[in-house]
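Both blocks below hold the same protein chain, though in two forms, and each is given as structure tokens: structure 1 and structure 2.
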Structure 1
Amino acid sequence: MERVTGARTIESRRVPWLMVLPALLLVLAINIIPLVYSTVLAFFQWNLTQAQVAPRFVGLDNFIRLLTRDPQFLTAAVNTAILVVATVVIQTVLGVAVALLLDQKLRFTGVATTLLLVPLALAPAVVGLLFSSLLSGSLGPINYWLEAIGLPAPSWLGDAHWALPSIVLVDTWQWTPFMILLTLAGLRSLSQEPVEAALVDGASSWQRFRYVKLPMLLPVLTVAVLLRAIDSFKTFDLVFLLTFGGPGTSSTTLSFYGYKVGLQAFDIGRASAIAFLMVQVFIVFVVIFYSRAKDQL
């Protein structure tokens, strides 16, 4: 009996692993293998326009060239940092503010909450094409309305000073509802006893939010901010469809610059080095963010 029981125990332990094995193999094939292959290529010089020349090992030369002799890479890094900080800050502030308003359960709150799903349901490619028409300098309705009320109508996508803010604007339009819905779900899951106690003590609406609701919301906001920061860090489609990285390099992000180097210049080694550096920045960011916010999770 003991042997039979032991065999059944071993078999029961194998079953969960066998059930997740297909998913593990799929993750390995789609994510891990390409990541390892790309990391290896980062240490080689390989240009697809020279098919007759075999990849040549160059060590850290691709990284040194990017960090010391490639001003476009540094510009793309700065643009990416600005994009991440701007979108996360704006979307978080707007998300919390609108969620607090919707939590009041005013008239038409249900309709407004439903309409927030519309931007999230649209593919980024559709959003990019939509706003490329809306923000058109000569034919766009936004500039027409601005001129009609006597305000200056900038060249949103054709001016180096407005290109990156335009991408921030479009990204904010699409993803602020994500922050609103997460924050609203967090607000409606909060325990009401501390809020009611603060109300009895005479706390104002701001004090109830600042000292009671916000501390309890931090776990939700921490996860939401992390997800948005990761997604903004790898922004590509909006840049591709709205500005194509221009004018010049004023709106080029790291993802888009990697695309230009790898799929336009066909410099696979340097493009792989860009991807490798992005992964390292992402890992460092997540580690620092988690170490600072782990008490809230």
Structure 2
Amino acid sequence: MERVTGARTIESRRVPWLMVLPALLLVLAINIIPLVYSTVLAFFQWNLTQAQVAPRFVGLDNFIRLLTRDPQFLTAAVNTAILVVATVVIQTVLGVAVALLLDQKLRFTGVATTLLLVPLALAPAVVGLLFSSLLSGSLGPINYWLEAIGLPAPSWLGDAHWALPSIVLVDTWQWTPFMILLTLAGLRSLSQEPVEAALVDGASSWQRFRYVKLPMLLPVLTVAVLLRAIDSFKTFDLVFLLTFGGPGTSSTTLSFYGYKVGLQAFDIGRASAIAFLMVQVFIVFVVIFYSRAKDQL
């Protein structure tokens, strides 16, 4: 579509860059420079509450302390890893399953897909606020109903074993609709010929899904999985509102820990070191994302 025509070559070479320039300058000023600044700060010791003490260069001290002498950081890293894997796996499986159901040409699927958009409209912070009462033993209906049908009713937010799963659960509530609707859109845009050919060959519905539809869906699913993984890696709002990282540190994520170190203890250097390490992981995600997604987007 982008053939270079005669008309284009006449144009000033400057126009394309002029059109991009404001955006580039803005991105440089508000995205790139802060990231660089943050990286620099990771090598300093600086506590903001002590105005009289100037920032002091400490080399790798912040990193060494995080990686060798800070069990809370390691807990946060492990929690974050669990959160990423659990949310992505659960949401993908559920999302694909429900999308297949919605693709069955049932009635009301139109209304259903519209209603599925609603969780996506809510701020994660609002979702956190809402579930902090839904999951509460005294205010929420969930435990009452679980007990009514004879299931155990855990103390979702008050038990160190359940706090992180609760965050997974709530995140899953909010974001599974994204996976459903994205997969559904993918299913509907599939070419029907291979599916019908498989049908003629007598493939079961599982085989049709596994060997025909799934491979065709894979590219768009990969993008979705990576996007969810990156988002999940940054989880902050839900932790803040649901558990504030507790009980103990059982639901503290890296973002939340960075926030606590940087803005409750005002240890700017160590918080920047956490941010720096997070950015490194993030870059890995981005590299994978680029190699997988560049044809999809």
Partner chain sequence: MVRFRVIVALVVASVLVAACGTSPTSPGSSPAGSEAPQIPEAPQQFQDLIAATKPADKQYDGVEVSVVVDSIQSGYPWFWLAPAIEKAYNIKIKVIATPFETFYQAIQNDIVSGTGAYDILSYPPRFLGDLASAGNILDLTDYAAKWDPEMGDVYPVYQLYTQFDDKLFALPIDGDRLELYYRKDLFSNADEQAVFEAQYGYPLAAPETWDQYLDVAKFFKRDAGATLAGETLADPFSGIAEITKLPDNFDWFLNRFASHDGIYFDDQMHPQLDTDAGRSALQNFVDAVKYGPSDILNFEYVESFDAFVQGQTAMCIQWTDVAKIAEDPNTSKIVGKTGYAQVPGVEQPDGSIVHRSTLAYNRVNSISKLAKNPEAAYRVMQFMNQPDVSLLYVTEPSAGMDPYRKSHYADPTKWVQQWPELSAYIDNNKQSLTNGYPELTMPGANRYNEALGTHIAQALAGQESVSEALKNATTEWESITDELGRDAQITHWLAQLKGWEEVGLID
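If you superpose the two forms and keep the largest set of C-alpha atoms that fall within 1.5 Å, you have the rigid core. Quick caveat, the model's predicted, so the values are computed rather than measured. Residue positions are counted from 1 along structure 1's sequence.
Looking at both forms of the chain, which one is the form predicted alone?
Of the two forms shown, it is structure 1 that corresponds to the form predicted alone, while structure 2 does not.
After a core superposition, would you say residue 18 shifts its C-alpha by at least 2 Å between the two structures?
No, the C-alpha moves less than 2 Å.
Kindly check if the Cα atom of residue 148 is displaced 2 angstroms or more between the two structures relative to the superposed rigid core.
Yes, because once the rigid core is superposed, the C-alpha of residue 148 moves 2 Å or more between the two structures.
Core-aligned, what's the Cα displacement of residue 285 between the two structures in Å?
With the cores aligned, its C-alpha sits 3.4 Å away.
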